[in-house]
Ligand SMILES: NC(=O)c1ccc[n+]([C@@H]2O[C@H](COP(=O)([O-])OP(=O)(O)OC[C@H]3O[C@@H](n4cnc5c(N)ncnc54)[C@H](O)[C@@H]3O)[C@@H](O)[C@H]2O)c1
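What follows is a single chain, given as structure tokens, in the form predicted alone.
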Amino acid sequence: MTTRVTAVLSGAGQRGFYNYGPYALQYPEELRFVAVAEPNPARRARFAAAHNIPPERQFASWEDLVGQGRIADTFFNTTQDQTHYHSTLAALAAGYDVLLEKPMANRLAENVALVQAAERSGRLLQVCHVLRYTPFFSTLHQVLASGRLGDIITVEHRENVAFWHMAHSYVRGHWRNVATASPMILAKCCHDLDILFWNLGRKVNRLHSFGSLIHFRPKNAPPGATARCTDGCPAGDQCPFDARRLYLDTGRTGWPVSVISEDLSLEARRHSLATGPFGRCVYFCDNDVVDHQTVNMEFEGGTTAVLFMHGHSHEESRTMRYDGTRATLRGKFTYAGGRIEVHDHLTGRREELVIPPAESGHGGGDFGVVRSFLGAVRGEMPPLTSAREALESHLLAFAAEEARVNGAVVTMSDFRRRAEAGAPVPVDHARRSP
């Protein structure tokens, strides 16, 4: 019989309530949340009601929660990125095994410190690299591991961020500014860098990167554009980024509309757009993260890979191509499904692979990572990705940002040594944008 794991949750927003919390409702014999910490009273009450958490176990901050001592087996940390470092350190010190939303932290030294702290404490720290747990990427990984493609020579991996997602998260939203959040290559693509590291099974020797913020700038605003989309902007009918088109559609009730207001009535939505960050014109925000970036990597053994990230796609998807000595694999992943095909060099045959259905968000990765974490906590299996392994993707992201900003090729062995020692990484911020 499966032993039920108890958990506390810090951060009852999108990821906590919608992505990971439902696992306990669908599989109550495996997981039970016994406490919640969330500064937003409505979100705190909503999560508590869904999981039958009594008032005395509802807290306004992670500090208040951790101050109770260890009151459960595990700590689910789905707070905002800038809170990850201190809250996770405190949870580890309190004796919790921790499931931590990605990225681990916004700053390089903090990521390394978290892994070092977990290793010193002997506690489990697992990062929510959910793509590893999707049926799509599990199938792709199995093909590569089987040797069917032969030796992998080169890889192309594209993170195609839809234009509306770019505007929501990286122009108007939480991840728009490097000073208050993190570089976009970390916030959005530590998933993708982790997948490349996992699939190729080797570390990167060297990398360089190019990218900038081209479009979402005041100089590109249409004539007469207003500071807010709700201010009677004359360009609204022809602007694909008009906030009213996305957020005032009453047929939309999930993400991203659920981010702008707890009350999803039309009146509340309009008020949010008129007063909050999501109603701002995309050309007049305080954003400075890139809207496109490439990372060119040379792996151990000579395999090369290029990661493309951009925020101007017609659809949200990841597309990829792996060219080996015996076959080529091409794939497309969306949260609604995916396709993988293998073209055999010898026979010329093309085979489309069967991908098992997903049972949760992020293509099945949300429930997959929770299930893996619980299995590791119960001692049934090692985690699919350890904190040390998860750190590699974060190091690659920070190295890519250093390479992009400084116009340099980064040698990863040197970068890892500097990061582990806590040495400052030199960055000429004056060169961040053209």
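Numbering starts at 1 and runs along the sequence shown. Since the model is a prediction, treat every value here as computed from it, not as a measurement.
The form predicted together with the ligand is left out here; the points below concern that form.
K.L.:
With the ligand left out of view, which of R32, R57, R43, R371 would have a heavy atom within 4.5 Å of it in the predicted complex?
P.N.:
Checking each option against the ligand in the predicted complex, the one that comes within 4.5 Å is R43.
K.L.:
Just give me the single entry in V130, I185, L125, A167 that has a non-hydrogen atom within 4.5 angstroms of the ligand in the predicted complex.
P.N.:
Spelling it out, the residue with a heavy atom inside the cut-off is V130.
K.L.:
What stretch, of 57 to 65, 378 to 386, 24 to 32, 402 to 410, brings heavy atoms to within 4.5 Å of the ligand in the predicted complex?
P.N.:
Result for this chain: 57 to 65.
K.L.:
Is there a non-hydrogen atom of L396 within 4.5 angstroms of a non-hydrogen atom of the ligand in the predicted complex?
P.N.:
Contact check for L396: no, nothing within 4.5 Å of the ligand in the predicted complex.
K.L.:
Is D81 one of the residues lying within 4.5 Å of the ligand in the predicted complex, judged by heavy atom distances?
P.N.:
Yes, contact at 4.5 Å.
K.L.:
Using heavy atoms and a 4.5 Å limit, would one call E101 a contact residue for the ligand in the predicted complex?
P.N.:
Yes - in the predicted complex, heavy atoms of E101 and the ligand come within 4.5 Å of each other.
K.L.:
Is H191 close enough to touch the ligand in the predicted complex, meaning at least one heavy atom pair within 4.5 Å?
P.N.:
Answer yes; at least one heavy atom of H191 falls within 4.5 Å of the ligand in the predicted complex.
K.L.:
Could you list which residues of 166 to 197 come within 4.5 Å of the ligand in the predicted complex, counting heavy atoms only?
P.N.:
Residues within 4.5 Å: H174, W175, H191.
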